[in-house]
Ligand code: PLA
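Presented below, as structure tokens, is a lone chain in the form predicted on its own.
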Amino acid sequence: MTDRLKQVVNHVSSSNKMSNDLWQNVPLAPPDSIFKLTAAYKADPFENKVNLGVGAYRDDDNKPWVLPVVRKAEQILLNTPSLDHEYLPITGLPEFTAAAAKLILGPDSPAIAGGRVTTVQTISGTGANHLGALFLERFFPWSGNKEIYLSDPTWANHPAIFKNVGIVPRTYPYYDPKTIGLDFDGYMNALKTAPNNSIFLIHACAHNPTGVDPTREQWNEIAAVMLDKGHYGFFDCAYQGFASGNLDNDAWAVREFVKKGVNMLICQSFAKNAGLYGERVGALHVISSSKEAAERVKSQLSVLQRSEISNPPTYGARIVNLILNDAGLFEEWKRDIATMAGRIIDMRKQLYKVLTEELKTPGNWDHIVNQIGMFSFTGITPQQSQALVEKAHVYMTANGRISMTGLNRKNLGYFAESLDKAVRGQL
């Protein structure tokens, strides 16, 4: 009996030991750099602190802005008693997905007319990137290693998304620090020397993090090489309308590539242009060669979506659906978008004026007004960025990227003076 008790005690002790030590080899992951920056900003008691790291719109009072058209759409939903909380179809709210495809591809898109577009509602743009990556990993006709070319630099989440599905990220030249602009020659050389049928992730507009986009002439040259080499375009569009203030203008590259017949998919987000950051509204659009192929693609995306999230959420999709499908709300949305884009453009102009005319800051600052969208690459060094964070309480990423929406009439002067001092080595 004593031996049996010993066996039980040893077994229990062994089980407890395994439970206690089960995760001892799991390494502690570093915190996300942007969220860490935001946390440090919130904890800083300094009165004149400035947050230029966050990728979300702020108004001139440094407050989140709920678009007036979104408020109207919410009221309509609130006063529609027939709405329920049933599951959506696996691929999403049909009225939303159809309207989202027309928004990015254009109502007269030949791909839509031919039934060649498969659209799935996703968990914002991140979910679209993930689902698109997962689909390619499973079904793309790989001829060698499973790789994708990402611009250098790119959105910090892109590499992780592809690594997590077994696709190895590689980089292609994009940003030229000497000109603080596009390294077009390097970009074109990468397209030409990459193996045939390679996948290139392309920012549709308002490149994150640089704010540097190709010209329309350059876009046409990129498309020509893509076609010649048989490359696949993985378009990420997070800023349609938010970049220039015009929805059609910001969708030009995507629509042109579709017209030219480039094999491609598009990831679409409504976080920025509708201010629905927390509602996670997005879509994945896969362009196929035929209606029959599109049906096959839809069947497999449904299987993948089912195993990932089962069904997408309703609330944000219903809001965007109302806005896209009601002519009056759609026009009001375009005015709201113009308001946001216009304020960002105005901040660029004011910052440029203060740096060049008032402070006479050393260097060329034309890139401040030449870049587009939410972000701007300032061109300053990591040491200068660090000095701004530590000594001026200006929170920004180490690569010199700033979110233009973090600037307003109250803090622009302080930021400009701090940036001037950092460039001069006087902080």
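One rule holds for the numbers: they count along the sequence shown, beginning at 1. From a predicted model like this one, the values you see are computed outputs, not experimental measurements.
The discussion below concerns the form predicted together with the ligand, not included here.
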Can you pick out, from T97, T118, S124, Q305, the residue that has a heavy atom within 4.5 Å of the ligand in the model of the complex?
S124
Name the single residue among F200, Y187, F135, W155 that comes within 4.5 Å of the ligand in the model of the complex, judging by heavy atoms.
W155
Using heavy atoms and a 4.5 Å cut-off, decide whether Y175, T210 and G379 all contact the ligand in the model of the complex.
no
Is A251 one of the residues lying within 4.5 Å of the ligand in the model of the complex, judged by heavy atom distances?
no
Is F35 one of the residues lying within 4.5 Å of the ligand in the model of the complex, judged by heavy atom distances?
yes
Within 4.5 Å, heavy atoms only: does S244 come near the ligand in the model of the complex?
no
Proximity of N129 to the ligand in the model of the complex, heavy atoms at 4.5 Å
yes
Given that the partner is absent here, state which listed stretch (358 to 366, 51 to 59, 64 to 72, 385 to 393) has heavy atoms within 4.5 Å of the ligand in the model of the complex.
51 to 59
Contacts from 384 to 417 to the ligand in the model of the complex (any heavy atom within 4.5 Å), listed N to C, are R401
